[in-house]
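The chain below stands alone and is given as C-alpha cells, in the form predicted on its own.
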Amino acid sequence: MIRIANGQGFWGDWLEAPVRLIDQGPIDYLVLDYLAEVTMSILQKQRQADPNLGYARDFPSLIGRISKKLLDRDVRVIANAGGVNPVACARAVRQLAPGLKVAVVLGDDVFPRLDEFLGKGYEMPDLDTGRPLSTIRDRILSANAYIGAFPLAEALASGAHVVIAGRSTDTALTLAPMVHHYGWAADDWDRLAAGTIAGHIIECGAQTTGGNCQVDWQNIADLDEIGYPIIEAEPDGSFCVTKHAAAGGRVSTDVVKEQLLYELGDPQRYITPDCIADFTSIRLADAGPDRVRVSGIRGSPRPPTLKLSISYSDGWKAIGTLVYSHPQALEKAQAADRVVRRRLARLGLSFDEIYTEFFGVNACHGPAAPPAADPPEVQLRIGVRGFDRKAVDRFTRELIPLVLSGPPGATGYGEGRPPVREIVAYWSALIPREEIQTRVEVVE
C-alpha cells in the first residue's frame, strides 16, 4: 500500500495543509494541485512581463519550508505548479531547497505551435460553440495540452524528490505515483480508471474531508483544523479515502459522493488522457471512522485526442457594488439600478451586457430563492462588459455618485470606483495525441 495525500486544491488554498499532512502522520507522496483553466493566462502574462515568472510562486517557498522533512520522511512531491514556466519554477525550488532532486515535465505548452497546427489543417473548433480557432487567433493568451500520468511517472522514475509539471490533468497527479510504484501498464484500463477516480476524489483537497459539504455541515468537527485527504492505494486498484486521525473534518460515503459529482459530465465516460473511467462502476463502503473503501471500478481505452486549454482576451469588464439599508432596502437598490441604466443610456454608451444582482435577496438562487419581503440590507452589484474600454471606464464613474444623488441609505462605497479588468475567456479544443510530445528534464 502507498499513501498519496493532496495538500492543495487550487492556487490560494490553505498554506498550512501540506505541512500538516507531513507532520500529522505517514504519507509517501504529496500531490499539490494549483492550476485552473484561467490561471494559465495569468501566468502567461506574468512570463511575458518577466521570463523568470509564469509559475505558482507559493510553491518554491513551501518546498523550501518542508525540504528537510521530505528527505527525513522519504516523501516525494508531484505538483502542476510549473504553470507556463516549469523550468523557472524548478530553479526557484533548487535555490530554496538545494538538497532536493527536481525534475520537470515539458511539452504541454503549445502556445508557440498554434500556427503550426493551423497550417496542418487542424481547425481546433471550440467544443461548446463549434467556432474555428482562427476567429480568435489574434487574441489568444495561452494554450496548453492536458497531459496525463505517464510523463509524471517517468519523472518519478528519475529519482526526483520533486516533480513539477505544467498543465497536467488534476487526476494525473494522483494516478502517477500508482503507475510508478506498481508498474501499471498503459493499457491496464481498470486500474488506470481506479487511479483516475482516486485523483478525482482528492483533487479539490478538503472538499473530500468535509469542507464545502452540504450534508450535516454544522456537525463537522474542527473545521479550523480540517485534515486534507489521503488515498491508501493498493496494487489491484482498490483504495481507501481517509485523513490523519489527529486532523479535523470528516470522511464518509456522503462526503465522497458529493465530490464524485464535481465537474462530472457523462458518468460512464469520464475522459482523461490516460483512460476513460466509468463512474457508475464505483462501489463505496464505510470502512471505519473517517475511512471509505472504493472498489469495483472499470475503465476503457483512452481517446485518440488530447484536450487543449486555451485562453483568450474577450473585452473588458467592471463590477461595482453599493449596500442599501432598511427600510425599503430592496426598493432602494432597484431604484439605484434604474438610475444607473438610464444615465448610461443618456450618455449613449452601449455594452455587450449589463447585469445586476441583488445580494441578500436572490443573487445566489434566483427565482428559487425564498421570499424576502423586507430584508435588513441589500447589496446592489451591477457590472458591464464590452470591447470598448473607454465605455466600460465611463460606467465606473456612474455608481459612486448615487451616494448623494440616488436613493437614501447607501453605504459600502469605501473603495471608490471599481477597476476595469480584462476579460479572459476559455476555449477548449482537441488535437491528435501524437502531436504532443512530452519530455522529462532533471534541473540541476
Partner chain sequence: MKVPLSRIAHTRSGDKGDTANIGVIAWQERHYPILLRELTPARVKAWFGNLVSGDVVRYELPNLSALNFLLHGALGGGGTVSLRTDAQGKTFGAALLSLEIEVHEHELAE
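Because the structure is predicted, anything quoted here is derived from the model rather than measured. Positions refer to the first chain, counted from 1.
The next section is about a form of this same protein that is not shown, the form predicted together with its partner chain.
Contact check at 4.5 Å (heavy atoms) against its partner chain in the model of the complex: all three of 281, 363 and 423 pass.
Though the partner is left out of this view, residue 257 does reach within 4.5 Å of its partner chain in the model of the complex, counting heavy atoms only. Though the partner is left out of this view, residue 403 does not reach within 4.5 Å of its partner chain in the model of the complex, counting heavy atoms only. Its partner chain in the model of the complex is not approached by residue 132, whose heavy atoms all lie more than 4.5 angstroms from it. Of the heavy atoms in residue 323, none are within 4.5 Å of its partner chain in the model of the complex. Between 64 to 72, 51 to 59, 377 to 385, 404 to 412, the stretch whose residues reach within 4.5 angstroms of its partner chain in the model of the complex through a non-hydrogen atom is 377 to 385. Note on the partner interface in the model of the complex: the residue among 328, 238, 300, 212 having a heavy atom within 4.5 angstroms of its partner chain is 212.
Taking a 4.5 Å heavy atom cutoff to its partner chain in the model of the complex, the contact residue among 290, 109, 357, 232 is 357.
In sequence order, 37, 38 are the residues of 12 to 46 having a heavy atom within 4.5 Å of its partner chain in the model of the complex; the partner itself is omitted from this view.
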